[in-house]
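Take a look at this single chain, the form predicted alone, given in structure tokens.
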Amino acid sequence: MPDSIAIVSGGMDSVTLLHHLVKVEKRHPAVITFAYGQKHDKEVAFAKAHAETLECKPFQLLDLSAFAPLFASSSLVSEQLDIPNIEAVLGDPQPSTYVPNRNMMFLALTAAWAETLQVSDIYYGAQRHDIYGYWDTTPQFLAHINAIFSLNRKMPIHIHAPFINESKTDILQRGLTMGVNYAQTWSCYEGNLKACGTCPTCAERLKAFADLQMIDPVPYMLLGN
């Protein structure tokens, strides 16, 4: 039986978190991932692959695509909005890549599953964004949502974000020491066969690999690999 739940998107941060929970903290998390109409839905397959590799059960794919109209102001979902490049989001407190209230919804739904599974600990891969950021990945958000879940009279749920004060470079360094296969992760906001190399999350990811003087194993259109 699981002793916790990890929210795993299939991106660098959440995949590293899952390996950290299993290999370092010796936990046995169930895994949940969400399909919410995102253009980069290929990440979901990677979430499932890592859950299977680490023998994390049960695995839950929750299809929220019916709610995609609620997220239509986000360029990650709307076909009418282009994904911005990194230069376009610099200094923007809430860029178009923000998905309205996404983490609040994901955590609330995961908390419901946690009660059903009778586990009290939920983990998600919030990180410190050095180039851009979202309000629902901050320490303030984490503290407030934990205050809400503590009101549960029978089974208080605790949300953990072990990497919330770490950069993507820090997280990558952790993952490399654990042997995480980053070729089996997807970060790019575009839904193409190759990563664009110019969107905000690609910029962060490429910077992390460059900081460690390494080459990202994921193919990029920008790099021609």
Partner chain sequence: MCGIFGKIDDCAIEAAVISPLVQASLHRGNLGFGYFSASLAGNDMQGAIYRFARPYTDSLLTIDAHQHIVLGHVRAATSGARDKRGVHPFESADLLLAHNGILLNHADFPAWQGAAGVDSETILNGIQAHLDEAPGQQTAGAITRTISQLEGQQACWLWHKRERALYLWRVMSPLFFGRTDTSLTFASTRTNDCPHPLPEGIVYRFIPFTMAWQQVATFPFTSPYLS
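Residue numbers count along the first chain shown, from 1. Only a predicted model underlies this, so the values are computations on that prediction, with no experimental measurement involved.
Quick note: we don't show the form predicted in complex with the partner chain, though the next part is all about it.
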| task | Identify which of Leu107, Ile86, Leu142, Ile83 has a heavy atom within 4.5 Å of the partner chain in the model of the complex; exactly one of them does. | result | Ile86
| Heavy atom within 4.5 Å of the partner chain in the model of the complex: which of Ile131, Ala72, Leu117, Ile148? | Ile131
| Pro29 near the partner chain in the model of the complex, any heavy atom under 4.5 Å? | no
| request: Verify the contact flag for Asp216: yes if a non-hydrogen atom of it lies within 4.5 Å of a non-hydrogen atom of the partner chain in the model of the complex, no if not. | output: no
| message | With the partner left out here, check for me: in the model of the complex, does some heavy atom of Val22 sit within 4.5 Å of the partner chain? | response | no
| query | Does Ala210 make contact with the partner chain in the model of the complex, using a 4.5 Å heavy atom cut-off? | reply | yes
| request: Specify the contacting stretch among 107-115, 91-99, 149-157, 72-80, defined as having any heavy atom within 4.5 Å of the partner chain in the model of the complex. | output: 91-99
| query | Going by the partner chain in the model of the complex, which residues of 175-214 come within 4.5 Å of it through any heavy atom? | reply | Pro200, Ala203, Glu204, Leu206, Lys207, Ala210
